[in-house]
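Next up is one chain by itself, shown in structure tokens, the form predicted on its own.
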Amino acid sequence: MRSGHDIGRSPTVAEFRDRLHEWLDAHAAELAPRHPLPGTLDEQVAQMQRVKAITYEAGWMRHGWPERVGGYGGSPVLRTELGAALAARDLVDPGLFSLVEVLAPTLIDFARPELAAQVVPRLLSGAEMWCQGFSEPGTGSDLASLRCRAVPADGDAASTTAWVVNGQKVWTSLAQYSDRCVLLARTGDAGSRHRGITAFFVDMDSPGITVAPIEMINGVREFCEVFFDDVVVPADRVLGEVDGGWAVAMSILPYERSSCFWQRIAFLYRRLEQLVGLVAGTEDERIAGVVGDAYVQLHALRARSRVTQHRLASGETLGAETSIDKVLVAAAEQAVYDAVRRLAPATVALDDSPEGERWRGEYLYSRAATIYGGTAEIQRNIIARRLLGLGADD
């Protein structure tokens, strides 16, 4: 059985996909969750890290990543295919797994090369977990108004050996499990908005960091508040340029809205197939129409997302047009779970079995799809102003 090590360093996407699924079939028992689905958040995180370790050891997790960080090179679409395959088989939660795709490229592009070479393999292999410290109370969708501040430890930004961070972040996914944080803090004039922000790579065990998990509507504590009280960050942990953090933040968006969305799409197709199985044999004249509507929205999203992925893989710069992808993924996700609620309401509302618990939790989580990652209203404003020319940005 060929592993990811020996299919060649530059396989086509089709060859990679075929060999990967062959390997996943052969190792299904080894990769399967060790807990009944859906599992607690602790169990889901442990499962994800275990799957990352297995796929990294077998070589699959290294395709699509640069050789300078221990990868095999090749198109980033290869790593997208891996994430989608794992999500479609319920081996990992796509929302949790997508943090790899969001944060690893940031370190590769903006960290010191020796730091990236040291830490990125630890993230890919499941030895570490990282979080993203962007949003703050009152500044969720208006990231440029953040107030968390970093000042030079000795008063001189040009020659300082360390920065001291004070402030608060919120909606920080998996902060309670994380070893590191990609953090945005204001280092310049608060009136400059997009200028005067710097990105840092912070060790989460640094003195002065307090993590407080937040319980969501589905009962899961995936998000956290994170408090920084006189946290010292070495100057060599600056990502990119001092006061150049906005460019770092914007570099993340293409990955959030290409690779991550492809994983989510595979997961949603899986859930739609399971819904069809759930209602099979029932006499409900709405089934074809409700399922068909969700499928059409998913298919439109998939077509759009694939184009976005190939644009990213070819080196194109992605910008405001990815707001279309964000609107589509939120609409498709809610369409799938609205279909579940309409066709199997008792399962969502009353079933206390593990299956019912999973459907109910995922339905509740889907309500946030038009909020997290930039609200639907913000995305439509971006589309109207920057793509359609219907007004100037503020």
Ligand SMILES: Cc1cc2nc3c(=O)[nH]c(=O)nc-3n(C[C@H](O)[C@H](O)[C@H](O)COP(=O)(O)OP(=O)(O)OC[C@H]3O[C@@H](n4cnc5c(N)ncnc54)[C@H](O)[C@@H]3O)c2cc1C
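When you see a residue number, it is the position in the sequence shown, counting from 1. All values derive from a computational prediction rather than experimental measurement.
Keep in mind that the form predicted in complex with this ligand is missing from the display, and what follows is about it.
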Exercise. Do Gly133 and this ligand come within 4.5 Å of each other in the predicted complex, heavy atoms counted?
Worked result: yes
Exercise. Contact between Thr322 and this ligand in the predicted complex at 4.5 Å, heavy atoms?
Worked result: no
For this session: Look up in the predicted complex whether Ala46 has a non-hydrogen atom within 4.5 angstroms of this ligand, and give yes or no.
Result: no
For this session: Considering only heavy atoms, tell me if Ser173 and this ligand come within 4.5 Å of each other in the predicted complex.
Result: yes
Exercise. Heavy atom within 4.5 Å of this ligand in the predicted complex: which of Phe223, Phe110, Tyr72, Tyr255?
Worked result: Phe223
For this session: Just give me the single entry in Ala368, Ala349, Ala53, Ala32 that has a non-hydrogen atom within 4.5 angstroms of this ligand in the predicted complex.
Result: Ala368
Seminar exercise, completed: Counting only non-hydrogen atoms, the one stretch of 56-64, 36-44, 360-368, 328-336 within 4.5 angstroms of this ligand in the predicted complex is 360-368
Seminar exercise, completed: Restricting to 372-390, the residues within 4.5 Å of this ligand in the predicted complex through any heavy atom are Tyr372, Gly373, Thr375, Glu377, Ile378, Asn381
